[in-house]
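Just the one chain here, the form predicted alone, laid out as structure tokens.
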Amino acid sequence: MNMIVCVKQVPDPEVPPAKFRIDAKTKQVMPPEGIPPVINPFDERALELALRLKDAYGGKITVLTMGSAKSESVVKRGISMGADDGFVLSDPSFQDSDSFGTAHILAAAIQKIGNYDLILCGRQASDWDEGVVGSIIAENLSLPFIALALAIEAADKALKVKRVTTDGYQVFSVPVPAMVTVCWDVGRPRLPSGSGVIMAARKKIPVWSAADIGVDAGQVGKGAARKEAAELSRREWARKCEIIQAETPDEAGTKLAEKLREVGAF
């Protein structure tokens, strides 16, 4: 089974929000200096599911990311975990692409790679949390699409996909090739192996431009975006404590309930 896993480089979500700075002019999050970006944790779950499928059925895993040339670090992370190959999509025209532009770019690269049975990505990215790129890729490539996959099995040129719902699970059978986004509940991703780290360090990661994958610069970037961030701000947290005075427990309970109703707790 040949798989392509789309990953994104994001600011480290483990860094406390107070450490980030907001650039109001460019409407971008500026991570603290000295803390490198990481692979999107949701995409890392998708990579883990791909590796489980490779362990069970064999095949090849290609990691694909869009960003700057420095984004090769997330591709190498995937290779160190067990992926076979990877590509970085980087071009000045890609900058400030929205979800539709990003999906257009990734779909063009996927078509160039070709010979795939399954495309995987995380359910969302930890920076913007939109969770729509996977479905748009499927639309662009005219592929069957299933979101929030928990497990996948291969059977008779088809995939048996188990996905989570709000109150349980659903199981679908879809033909290959297909596009699937992976839920968080798939489990913790494996750690890179020592030999994998060495292999990734030695691996030359190709960088493809817009011309390399046949993308028209007019269809991507800020000029082609269907939406634009109007404002970006950081949530401010504050704690307040109020002591409720009462003569009896019953009176204290009544006053507490009144106060909770007053502040909109229920």
Partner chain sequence: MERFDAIVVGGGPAGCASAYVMAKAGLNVLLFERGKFAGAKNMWGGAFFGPQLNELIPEFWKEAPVERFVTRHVLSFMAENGSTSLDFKSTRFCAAPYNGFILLRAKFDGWMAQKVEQAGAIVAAGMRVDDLLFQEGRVSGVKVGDEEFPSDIVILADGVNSLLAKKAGLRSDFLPEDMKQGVKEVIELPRETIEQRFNLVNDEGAAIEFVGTCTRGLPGGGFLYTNKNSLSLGLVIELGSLVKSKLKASDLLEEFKHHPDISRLIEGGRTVEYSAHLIPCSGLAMMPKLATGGALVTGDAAALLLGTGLILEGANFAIASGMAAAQTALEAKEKNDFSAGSLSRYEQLLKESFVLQDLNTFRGAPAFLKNRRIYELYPELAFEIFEAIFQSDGMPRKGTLQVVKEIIKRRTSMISIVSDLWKARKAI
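The structure presented is a predicted model; accordingly, all values stated were derived computationally and were not measured. Numbering follows the first chain given and starts at 1.
The same protein has a further form, the form predicted in complex with its partner chain, not shown here; the description that follows concerns it.
Between the options Glu33, Glu231, Glu236, Asp55, the residue in contact with its partner chain in the predicted bound form by a heavy atom within 4.5 angstroms is Glu33. The listed set Ile198, Val207, Val29, Ala217 contains one residue whose heavy atoms approach its partner chain in the predicted bound form to within 4.5 Å, identified as Ile198. Remark: none of the three candidate residues (Lys60, Lys162 and Asp167) comes within 4.5 Å of its partner chain in the predicted bound form, counting heavy atoms only.
Taking non-hydrogen atoms only, Gln95 never approaches its partner chain to within 4.5 angstroms in the predicted bound form. At least one heavy atom of Gly194 is located within 4.5 Å of its partner chain in the predicted bound form.
Contact annotation: Lys255 falls outside 4.5 Å of its partner chain in the predicted bound form, judged by heavy atom distances.
A residue is said to contact a partner when one of its heavy atoms sits within 4.5 Å of a partner heavy atom; Glu14 meets this definition for its partner chain in the predicted bound form. Comment: 186-194 is the region of 186-194, 148-156, 96-104, 122-130 lying near its partner chain in the predicted bound form, near meaning a non-hydrogen atom within 4.5 Å. Taking its partner chain as positioned in the predicted bound form, the residues of 1-32 that bring a heavy atom within 4.5 Å of it are, in sequence order, Asp12, Glu14, Ala18, Lys19, Arg21.
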